[in-house]
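Presented below, as structure tokens, is a lone chain in the form predicted alone.
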């Protein structure tokens, strides 16, 4: 059986070396190359084909999210697994949205690495236990925010969206054919419902509650 070729992209040689050591006796896998930056990786991919890429999120010449998207545009079939110490729900979601197939934290063991490779080769998305927990926490916090969000009237929702678009009180009044006093009253009611003291905090809280 021809071994599955893997490209490692990481600016820390010890990480690449450690992964190579983990895989040294796995006959169905082969580390084809290890690159320390995005430029070298793209040059390698111009002339070579691999099935799996282990991609660090933090690189010296570009960020891993951008590189992931670049590689995905060039190579539709390659499986890209994020390999990083960054365990943040936003980064994990962005990496997957940029074309990633999996997300591993650098404290993973050999068994989890092989499990991730096997999963993505089977066209599944793989998340390490820590990354999966982080996404679950975000989902739960979002659910709590939605559950605790106050109920707004149709007019309050309308004014909130216009504030989000950057309009001020007089501009909103003109657009809705209402008095500035009426708009200000609605704005104060919105601030009271969301328990904030300024328009800036109002918009921030509204975003957290998925109102805008």
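Remember, predicted model here, so these are calculated numbers, not experimental data. Residue numbers count along the first chain shown, from 1. Take the two forms, find the largest set of C-alpha atoms that superpose within 1.5 Å, and that set is the rigid core.
Although it is not shown, the form predicted together with the DNA is what the next lines describe.
**Q** Spot the stretch among 62-70, 40-48, 26-34, 174-182 with residues whose non-hydrogen atoms come within 4.5 Å of the DNA in the model of the complex.
**A** Looking at the other structure, the answer is 174-182.
**Q** Does any heavy atom of residue 191 come within 4.5 Å of a heavy atom of the DNA in the model of the complex?
**A** Judged by the heavy-atom cut-off of 4.5 Å, residue 191 is in contact with the DNA in the model of the complex.
**Q** If we define contact as a non-hydrogen atom of the residue within 4.5 angstroms of the partner, is residue 164 a contact of the DNA in the model of the complex?
**A** Outside the cut-off, so no.
**Q** Taking 4.5 angstroms as the cut-off for heavy atoms, does residue 170 touch the DNA in the model of the complex?
**A** Because a heavy atom of residue 170 falls inside 4.5 Å of the DNA in the model of the complex, the answer is yes.
**Q** Give a yes/no on whether residue 153 approaches the DNA to within 4.5 Å in the model of the complex, heavy atoms considered.
**A** Yes - in the model of the complex, heavy atoms of residue 153 and the DNA come within 4.5 Å of each other.
**Q** Given a 4.5 Å distance limit between heavy atoms, list every residue of 190-204 close to the DNA in the model of the complex, or none if there are none.
**A** 191, 197, 198, 199, in sequence order.
**Q** Superposing on the rigid core, does the Cα of residue 162 end up 2 Å or more away between the shown form and the other one?
**A** Yes; that C-alpha moves by at least 2 Å between the shown form and the other one.
**Q** By the 2 angstroms cut-off, has the C-alpha of residue 191 moved between the shown form and the other one once the rigid core is superposed?
**A** Residue 191 C-alpha, core-superposed: shift of 2 Å or more.
**Q** Superposing on the rigid core, I want to see if residue 16 changes position between the shown form and the other one - specifically a Cα shift of 2 Å or more.
**A** Not so; residue 16 is displaced by less than 2 Å.
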